[in-house]
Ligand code: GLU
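First, one chain by itself: the form predicted on its own, in structure tokens.
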């Protein structure tokens, strides 16, 4: 049903000049200043447009990765625009924090804001608070066309309108409730001359039964009621609302695809309407469902209040490599990524055929265990030099103890990190750089913690016999085969068998087997029952450390007896 709202104003140009006397440029001027981009057909232009109000959320990184890959894989452009029209919520330094977070994970914008003080690109400025004259030019044009008008309603009057709408199916400033919509030019001029503040509202075509249908690139076809509200375009201080600013910016910056959270679906009727009334071709939208987390048998949104992993800074502080986080995000974005990775083990993720339409409609489920598993695999494929360089960079900021150990002897540190690395089936003990201090602690006297707890068939009595024999025969000049033969040679004198299968067949005949003998030596040297290659550890520790640790273990077990 269309609502008759009347037409009182006739001289829209005079009204536009009255409201915007300082604006001389027209939309045509800006269309010429920001022409269509010179990109090949099919290239997509995407953006990340945060408000500088806090930290970088994991959901931001997730959505931003989708936008970045969409642009990169079509030879398009990805830019960063700062939406700071709400100055009251602005947090100093937030822009740098967010940009550094993106850079950490390999997302580097082609243009836009690259620091608090630097912008690059031909479609700027890329900070909304610096674009006021542009918004006013388009606002003036809407007034000239009879599509926008000044509203002088106070907060109290708006409250009264809301109170009067009890029982109405649609609530807001529209139709008969739009008190300022039909003011005459003289009435408007008189109010302005008297110093009355005004906002600028969109003169929306009111069709309460109208429908808008659009194709979301993730969720498919969506049908919603048309917008009938005369929304505010410019606030009383001249600053544009998000809705108006984003439409002007996405058009002039020649954005083709907007990837954003699905909380914005409710605004789609208004946004489509704005593009149409401004004379713009609408961009294509892909609305991403929020990252979810399992809790108490149900699911909830990943929360910055409840979940430390909601902040991208968490992954940086914990030392998850860039590659691990990016790989994990790809598993959340497209379910076929893991199959692709198995078939392309060493290919960069930029070669993965990312597809917006394969993003989960219902929302990805965050799984820390899965991230850790992905990261262990990623780190296991790195060389010792890569692990050293990346973990050293992290340690300098977050773990001074590890940084000092590294600095004392870099070659020794690399050799430690190289144990069991480069094999066909490398160990996967490290999931993040913060695991390393504990993982290598037994390789340094400063961090070695004695722990003589045994397992399997090993006992303190057996340990004394094994270690006293091993102490005299260990030779760091032996190769691995000779070293292991010496360990097997200890077995018979201490009542063990060098054959595990034989022990299993006749366990009562022996005190243990060669595995128990190795465990006793491992515990004495490392304080652990499970470590990487014991031969390599022994060789790196050196004879003096090996002898001292064996002596200490023997003394401990003798006291235990």
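Fair warning: this is a prediction, and the values are worked out from it, not measured in the lab. Numbering follows the first chain given and starts at 1.
Here the subject shifts to the form predicted in complex with glutamic acid (GLU), a form of this protein not shown in this document.
Undergrad: Heavy atom within 4.5 Å of glutamic acid (GLU) in the predicted bound form: which of 498, 27, 50, 59 fits that? Just give me the one.
TA: When glutamic acid (GLU) is considered in the predicted bound form, the option within 4.5 Å is 50.
Undergrad: Among 398, 452, 242, 484, which has any heavy atom within 4.5 Å of glutamic acid (GLU) in the predicted bound form?
TA: Selected option: 242.
Undergrad: Could you tell me which of 259-267, 154-162, 274-282, 405-413 sits within 4.5 Å of glutamic acid (GLU) in the predicted bound form, going by non-hydrogen atoms?
TA: Only one stretch passes the 4.5 Å heavy-atom test: 259-267.
Undergrad: Is residue 83 close to glutamic acid (GLU) in the predicted bound form, meaning a heavy atom pair under 4.5 Å apart or at it?
TA: Residue 83 belongs to the contact set for glutamic acid (GLU).
Undergrad: Given that glutamic acid (GLU) is not shown alongside this chain, does residue 246 nevertheless sit within 4.5 Å of it in the predicted bound form, heavy atom to heavy atom?
TA: Close contact exists here: in the predicted bound form, residue 246 approaches glutamic acid (GLU) to within 4.5 Å, heavy atoms only.
Undergrad: For a quick check, can you give me the residues of 496-515 that have a heavy atom within 4.5 Å of glutamic acid (GLU) in the predicted bound form?
TA: Heavy-atom contacts within 4.5 Å come from no residue here.
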